[in-house]
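First, one chain by itself: the form predicted on its own, in structure tokens.
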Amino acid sequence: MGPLVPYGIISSEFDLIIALIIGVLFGAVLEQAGFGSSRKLAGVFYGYDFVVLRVFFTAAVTAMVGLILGNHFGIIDMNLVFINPTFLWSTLVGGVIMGFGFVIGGFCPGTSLAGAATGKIDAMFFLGGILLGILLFAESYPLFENLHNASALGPIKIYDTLGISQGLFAFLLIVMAIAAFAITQRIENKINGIQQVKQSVLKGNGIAAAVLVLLGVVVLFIPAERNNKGSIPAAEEISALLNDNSRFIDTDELAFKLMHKEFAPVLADIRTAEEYNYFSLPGAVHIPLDEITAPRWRAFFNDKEEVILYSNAGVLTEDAYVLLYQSGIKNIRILEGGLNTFFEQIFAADNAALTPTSPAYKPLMDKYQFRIKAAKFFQGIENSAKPSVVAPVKPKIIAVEGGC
């Protein structure tokens, strides 16, 4: 349901009710459009009816333009949109199987449901075949596992693979759709023996094509990200950011601040819930890495003078730091070395190398004595201490997955 669930406008339970209603209406539209008829659907392979191809192109262009404009105007956060990961070989093999099934049976999975719901016997058999195929695949999965997971490319985007911009790809797809509409209409007319097309139809098609071209020009000049995160200057900016050591706070400084309440910093623990519940620094708020840029945490970060991120080590905190920086949040520091270094320096302090004759004896001994005191301080605090900063009470951000 677009941004409604992730932004906490509706609950995930109510989302399912809305999805059911939309599904029923979608099925009704499919049936009214004739998509419950295998003869009409198979017409695309024989040249006498290309309505399926035109509907698919229309759906693709509508969704694409809607997402681009929604992302540009801040209505939809594309970081919260689930993209199905690509497995090359299973996609190719599955596409071939589905194509043969479409030609032979006259249905695709969605239209077979619409046909079966209206009592069409061939659609019921087709749907039964789908269920049988799912059962057989599940039972024999070990035989197909290697093929199923072969050539895992992740959640790739076509325009990234082609090395072109998002806007250019959108424009080319719209041009391709217009060309497909015109060509298939000519083929349809020839196969069905239509010699002359009404002027009103031609005029309507011309207006529709002009609107599509205008949309293509608009999306052509809309940047993929408003912050232009994927550009070379942005990459150089991030590189400079990661070379700036002022982003770190070391163990001793953080321990000192935690031991003196007047200096107590705001801490964000980005580890898993299990790790956080087992042990966390005093006053730390749990913010999982996959929620770090969620809308409900934006006010939390913006309202604080400084927030210190920590994890077990430094890799995840660097990722979170960059994500927050790209989201426009700059008041962030990182615990250098993470909890691993914190434990090593505070709870496993070793002064075996210190001798009174060493020039560094005095400052190192002072640091050692401080860490001994700090260790006693932290060992006297229960791990279940409540955060000094209250987390925002809003619905949890939900990763919405979907697909056809």
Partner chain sequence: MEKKSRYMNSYLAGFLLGLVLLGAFYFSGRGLGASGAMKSVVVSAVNAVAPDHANETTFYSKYVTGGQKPLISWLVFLAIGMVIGGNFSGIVSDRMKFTIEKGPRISNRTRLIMAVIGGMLFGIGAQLGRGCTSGAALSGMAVLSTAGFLTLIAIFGTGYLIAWMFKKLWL
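Just so it is clear, the structure is predicted and the values come from calculations on it, not from any experiment. Numbering follows the first chain given and starts at 1.
One more form of this protein, predicted together with the partner chain, exists but is not displayed; see below.
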*Taking heavy atoms only, is residue 148 within 4.5 angstroms of the partner chain in the model of the complex?*
yes
*Does the 4.5 Å heavy atom contact test between residue 144 and the partner chain in the model of the complex come out positive?*
yes
_So, residue 108 and the partner chain: in the model of the complex, are they within 4.5 Å at any heavy atom pair?_
yes
*Any chance residue 374 has a heavy atom within 4.5 Å of the partner chain in the model of the complex?*
no
*asked:* Within 4.5 Å, heavy atoms only, which of 101, 265, 282, 314 is in contact with the partner chain in the model of the complex?
replied: 101
_Can you pick out, from 195, 192, 245, 199, the residue that has a heavy atom within 4.5 Å of the partner chain in the model of the complex?_
192
*Does every residue of 273, 287 and 347 put a non-hydrogen atom within 4.5 angstroms of the partner chain in the model of the complex?*
no
*So which stretch, 299-307, 273-281, 326-334, 157-165, is the one near the partner chain in the model of the complex (non-hydrogen atoms, 4.5 Å)?*
157-165
_Residues in 82-96 with any heavy atom within 4.5 Å of the partner chain in the model of the complex_ = 82, 83, 84, 85, 86, 87, 88, 90, 91, 92, 93, 94, 95, 96
